[in-house]
Ligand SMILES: Cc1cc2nc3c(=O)[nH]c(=O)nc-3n(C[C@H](O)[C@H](O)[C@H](O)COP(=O)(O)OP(=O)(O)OC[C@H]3O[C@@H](n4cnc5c(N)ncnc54)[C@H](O)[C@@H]3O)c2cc1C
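In the form predicted on its own, a lone chain appears below as structure tokens.
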């Protein structure tokens, strides 16, 4: 459904090879141990996929949202945790591309597979309202000092570059690029979650991190426009792709279970039961619907359709809802084999719960879509 060109297809093929060789065999272990998927992330870097969306002038492949989604979908079918780490890297790259004068070295390093990026936007004080940081930068001559309690920072302690938000005294928002070895940048707690256990999405503390204007990615106080225009489309469509990949994983595992297992004493397969075939069909249909909406979203973005941003909002909400429904159906269709972790369905069932609570949450997105349809301001 993504309708990729030959170069994009090659990137997806390369991602699938890496995913089958390295990512899939480690997925269950990473979940069980709740550890960062270092080997999987390194394999993506070595395959050149850190530079997938990096502009060609910085050594990257210059791919767009469509190719990024196809790669994320492919990786998520094997390990949603690794896919989420990769998505947040692509979101960081989107910020770098918006101001390459500040981030040129980071872009080149990413293209070489030597720089993993992520976002540090959500704060404990404003929770999932990432567009409303409660922290305020403290002016220090030509620099600022950053103090904040960040939450849900994917790849916390593992990323090389962190794109952080901070409020300004005038009520605006700034974006800064921090490096992993900056003094005062600390992981503030452990990560132990229901799903996505390999993402290291731990809280982080900015304990007086000093950053000069050469680290500011936005115009003074004007980061909101960059966040909405450059990063939100990447995050929304990428998050949708991760949800779709999780759903696809559940569809394939369920189909394999129904056709491969049965009742020996009756000489029948599970697939001979109409109710189980019905559930599998529903899973297939819902997954295809979510992927079709995502493909339509890319069509609208590329044609500069005035309604494209509404589809961007819809794509994440629908895909997240789809992942919840499809993985639940998989658990019910596969029964005890899924419950006892024989199939990997239980892991993806838990992972799928993450996408609906990642900001903007599904509840917030439904409110945004409703506001847009009523002609109301989204962030009023």
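Since this is a predicted model, take the numbers as computed values, not measurements. Residue numbers count along the first chain shown, from 1.
Omitted here: the form predicted in complex with the named molecule. The next part is about that form.
Put simply, of 10, 24, 357, 369 only one has a heavy atom within 4.5 Å of the named molecule in the predicted complex, and it is 357. Distance criterion of 4.5 Å from any heavy atom to the named molecule in the predicted complex singles out 88 from the list 88, 146, 175, 94. Picking from 147-155, 248-256, 286-294, 208-216 the stretch near the named molecule in the predicted complex, with a 4.5 Å limit on heavy atoms, gives 147-155.
Every residue in the set 129, 196 and 364 has a non-hydrogen atom no more than 4.5 Å from the named molecule in the predicted complex. For residue 191, a non-hydrogen atom is located within 4.5 Å of the named molecule in the predicted complex, even though that partner is not displayed. In the predicted complex, none of the heavy atoms of residue 82 sits within 4.5 Å of a heavy atom of the named molecule. Residue contact check for residue 110: none of its heavy atoms lie within 4.5 Å of the named molecule in the predicted complex. Contact check for residue 122: a heavy atom falls within 4.5 Å of the named molecule in the predicted complex.
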